[in-house]
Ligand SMILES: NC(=O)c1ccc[n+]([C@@H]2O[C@H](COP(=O)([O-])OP(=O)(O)OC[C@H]3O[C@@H](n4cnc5c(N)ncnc54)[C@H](OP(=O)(O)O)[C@@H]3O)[C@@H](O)[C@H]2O)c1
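Starting off, we have a lone chain in the form predicted alone, written out as structure tokens.
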């Protein structure tokens, strides 16, 4: 059987792709014919495994090259150097998926500048810088309209707010606003789209039973799976009419009122 080679310009940087949701997104895109740059901060072994698994997933679509790239997204200079490093290894990049995210607990009672700055740098500043650099590089190579796209991972809690994880929530609210501003400022070369999952993966803060119960709390009877989110990301990357908007992929959880973050349910206020 003749294999179709990876199309020119189908190279995507996925941040935080060594583990969890980012890994699922990377594998889904590799299977769909994208060359994937797997970003990681500290999880090198997991990132290299994702690269190997992307190569296996891409075999049916013609293969392509995939590679891992280390970067601390809280470091502006390192973040600005990330896309040039990816392009030196894999060729021109046309898409960035900003999945990596800092998620540390604070609230109104213990909020401080340091926590806000940590979340702002990783969750808001880095995605904006990567969009800026991608636009600059598209411009430099004379790309045409809609040649690039940035997908920002958000959170259903922006449409269903609760006061837990205050700095995290503020950083994601700023990123959601940046979707609109960047879509305006960087058009027509670049599209900017948000994808907002509901409760998708468990964490050390939830038992298996608590996660399963919280996952069922939606009008559709379940929230998002990693595969649901990855499919929405791929749709956002490939649908040329989407920009300046957000796809909520949460089983309708944003339609329900939750007094606490999912990870804090059952914890005294």
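Positions refer to the first chain, counted from 1. As the structure is a computational prediction, the values presented were derived from the model and not from experiment.
One more form of this protein, predicted in complex with the ligand, exists but is not displayed; see below.
Annotation: in the model of the complex, residues 117, 167 and 205 none come within 4.5 Å of the ligand through any heavy atom. The partner is not drawn, yet in the model of the complex one stretch among 182 to 190, 138 to 146, 97 to 105, 158 to 166 has residues with heavy atoms inside 4.5 Å of the ligand: 97 to 105. In terms of contact with the ligand in the model of the complex, the residue from 90, 128, 71, 83 that brings a heavy atom within 4.5 Å is 71. Interface residue remark: residue 201 is counted as part of the site for the ligand in the model of the complex, having a heavy atom within 4.5 Å. Residue contact with the ligand in the model of the complex: residue 248 places no heavy atom within 4.5 Å of it. When contacts are judged by a 4.5 Å heavy atom cut-off, residue 39 counts as touching the ligand in the model of the complex. Of the heavy atoms in residue 243, none are within 4.5 Å of the ligand in the model of the complex.
If you take 136 to 162 and check each residue for a heavy atom within 4.5 Å of the ligand in the model of the complex, you get 153, 154, 155, in sequence order.
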